[in-house]
Every structure is written in C-alpha cells, then in structure tokens.
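One chain comes next, on its own, written out as structure tokens in the form predicted on its own.
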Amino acid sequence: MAFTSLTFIIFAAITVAVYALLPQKAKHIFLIAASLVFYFWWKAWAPVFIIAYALFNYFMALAIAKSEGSKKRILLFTAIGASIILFFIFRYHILDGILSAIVNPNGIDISILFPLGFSYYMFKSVSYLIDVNNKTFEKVNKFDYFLLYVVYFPEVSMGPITRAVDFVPQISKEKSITAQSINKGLVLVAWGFFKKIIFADRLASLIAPYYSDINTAGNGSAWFLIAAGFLLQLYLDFSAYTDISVGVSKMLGYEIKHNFKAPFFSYSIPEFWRKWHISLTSWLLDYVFTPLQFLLRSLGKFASIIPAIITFTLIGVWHGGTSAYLMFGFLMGLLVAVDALIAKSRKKLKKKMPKALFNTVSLILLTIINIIVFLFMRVPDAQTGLNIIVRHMFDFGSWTAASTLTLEFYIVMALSLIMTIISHILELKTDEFTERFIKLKQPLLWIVYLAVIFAVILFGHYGPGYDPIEFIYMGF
C-alpha cells in the first residue's frame, strides 16, 4: 500500500474518520488494528511476524528491568543479538540456500522476503531495550501500548525512527481531532504528494536510463548533472514520505519529529548529517557513536575518528549488502573523520575569511562531495560508481563532448532544484508554516487543496518508466 496510492488515501481517510469518532479508551486499540491491516495488505503473514517480534522484545524488556548485574547485560545482549541476527538473515538472505535445498531440492529459487520496515521497527525496539536497561525510560507495562509503538502504520514502513520516550506517553493523552489538526496534517500530506509525484518520480524516470548504461550520458558534465539529479530525487522522495507520515500523525493526534531540516543548507559533513535522516543519525549517535567514543576515549583525537568510520560504515551496511552501499558508508565515515581532524583549521580559516565567502565556498564544496558520494546509493556496485566518477566525471576533457541530456531533463532539474530550495525554507519553519496555513479562511484552504490535487493529476508522472509501487526508502 504505497503512501501515494489511491488505496492509501482511502485507507487513511477511513482510519482518521473512524478514529475521530471513537472514545479515548478505544482509539489506540483501533489504531493497532488499522496498523495491522496496513501490514497485512503487504503480506498476509506480516502481522503475525511483527506481533511475535513485539512480544519477544516486550517480555525481554520486562526481564531486563527486573534483573541486575551480569544477568541484566546477558538479557540485553541476547535481545539485541536476536534482532541483529534476524536483520542479517532477512537482509542478506542467509537461509535462502539452505531452505531451497531442504524444501525444494529441484532447484527452484526460494527467497525469504525482507519484512516491510523491519530495520525501522528493529531500531525502535533496540533503543527501547537499551533505554530500559539504562533506566532512562521506564518499561512499558501495557503490551498494547508497546505494540502500537512498534506497528504504528505511518512509521512502520520507512520511519522516522521515533523513540519510545517520545511516542508511548502520547498514547494515553486525550486526543482531540479538530478541523485545525486535520488541516495541519492535510497540508503536509498534500505537500508530500506534490513533491513525490510531480518531481521525485519524474526525476527518477529521467535518470534511470543513464544508470542502466553508464556510457549513454555523453560527457562528464552530463554525469555530474545526472548524479545531482539523483541526490535531488532522493531528498524529494524521502522528505515527501516524511511529510505524509508527519501529516497523517497530526490528524491522529500524534506529534512525530521531522526527518529533515534543510540538509543542503549545511556547511560541513557533520552538520549535513544532523539535518539529513535525522532520526537515523541521532539513533546511531546515541547508541553507537557515543558509546564507542567513550570506550576509545584514551586515544585522544582518534576517539572520534574510529567511531565515525565504524558508525557510517554501519549506515552503508544497513542500506544494503552491495559493495556500493559499503563504499557509500565508508566514504561518509572517512569524510566525517577528516572533518574532525581539520576542525580547528577550519575555525581559524573562518575567522580570516569574510563570512559570506567562507559559507559559500563550504556550501559548494559540500554539495559537490554529496553529489559524488551519494552516487554510490544509486549504482549496483562500487566498481560501477568508481567508473562513473573516474572515467566520466573526472575526465574533464570529455566535458566539452556532446551531451545526450534532453531539454526536458534540464527543465525538470531546474524546477526540482527550486522545489528543493522552497522545501528547505519551509523545513526551517514548518510549525510556523502550518500555523499560518490553518488560519486561512475555509474556502481558501479548499482552493489550495484542489490546486494541489489538479497539479498532481495534470503534472504528475504516470507515463512509461514510472514505478508507482514504493518510495526509495521502502527498500531499507
């Protein structure tokens, strides 16, 4: 059930309408049922798996809360280890060959499907276990509350990775579904549809042929623009999903944190990652980077460098098992490490240079770096990515050769860049934007909604090459 499908629109509308009519005590139970229906729509066995996974972590947390000393640590490592093992089994199809040999000796391939959103609710569950272990959050005594935290449908497929400390206390709070809360949510949902269908999907179809055959672009400058196009597509696609997720949550009376805060308006790699996929970055900072940094504190400046490389390599591995994802994570980690090494020099240089010039140069350099490194998120393997960079992008002699990029490509790129800038400005003032929007008179509100609907219908990309199934991050 893709978030931009008609099926999801109907499903969300019915869910919000019924939810608003129910008494407070029944709201979270209905939301659990709706979330399981959403999960069932993907695969019939999925609700059974996610309930079993939630039960396991719920009882492990209860056991951890009651234990002390070595027993407590053993329980924590067992629970986290089980999640990690499941992740690798599903992500890298570890048991597929064994299962095929036992169940299907005739040689027909059998593949264990990666559960929808598993890596996201795995992160949520693991952070809950660690917080209970560290006594930074009390164990959840009601299983239905914990189950809702795990299966909550606006987040289950692609995040954001909400912490239990932020979500669970909201369950018992009185939910007042008003015209204002509906409008606050609707404007974000509409904005997400607008970015995804009109811009992200069209960009996707325009750049896909070049990644299918890397020799078709014509020259190095064309490849630089194609790689830039993918970076814009990735941002517009994923931030659109986040807008829809946060918007639906607002309509249900839940406050979910945004996953982006104008990341391209950054002046360093660490700053970029504090604004890009915020929930994942902050999760890894709290539960991986900081503990590693503490363990390695005797190494001085290397206490930050080694954890940075490990943490970002894990980000690459989390995205997928290809050499391209591994290269992406390692390069990002290396860049963060280098930034830590030159941090003092950058500060001195910043004081000597005019602020506007320093920021402009930093912004341009960071954009170029991101365009090159994020290329590895799109290619099938690291070798293909390196070929594009070395043989095409960095072959500056080829930049004057004829390009195969079309006029449509340049127009869509320009409009997508403008859309990205507008989106960044709104991300810096999201709450202020929604507050001002809902103060518009009702007829004007509906004119805006209708304008978005007609724009999506008229200008949305539905032609050849369009894949209406999922957002990019559904695969992660």
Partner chain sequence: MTRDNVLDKVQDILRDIFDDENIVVTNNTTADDIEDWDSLEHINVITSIEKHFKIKFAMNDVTGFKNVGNMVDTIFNKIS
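On a predicted model such as this, the values are computed, not experimentally measured, just so you know. Positions refer to the first chain, counted from 1.
This protein has a second form, the form predicted together with its partner chain, left out of what is shown; the following refers to that one.
Of the stretches 284-292, 84-92, 234-242, 184-192, only 284-292 has residues with a heavy atom within 4.5 Å of its partner chain in the model of the complex. In the model of the complex, at least one heavy atom of residue 270 sits within 4.5 Å of a heavy atom of its partner chain. Under a 4.5 angstroms non-hydrogen atom cutoff, its partner chain in the model of the complex has residue 350 among its neighbouring residues. Of the heavy atoms in residue 317, none are within 4.5 Å of its partner chain in the model of the complex.
Interface residue remark: residue 274 is counted as part of the site for its partner chain in the model of the complex, having a heavy atom within 4.5 Å. Highlighted residues 172, 258 and 279: none comes within 4.5 Å of its partner chain in the model of the complex, counting any heavy atom. Scanning 162, 119, 370, 304 against its partner chain in the model of the complex with a 4.5 Å heavy atom cut-off leaves one residue, 304. Shown without its partner, this chain lists 326, 340, 177, 75 as candidates; in the model of the complex, only 340 has a non-hydrogen atom within 4.5 angstroms of its partner chain. Shown here without its partner chain, the chain has no residue in 1-29 lying with a heavy atom within 4.5 Å of that partner in the model of the complex.
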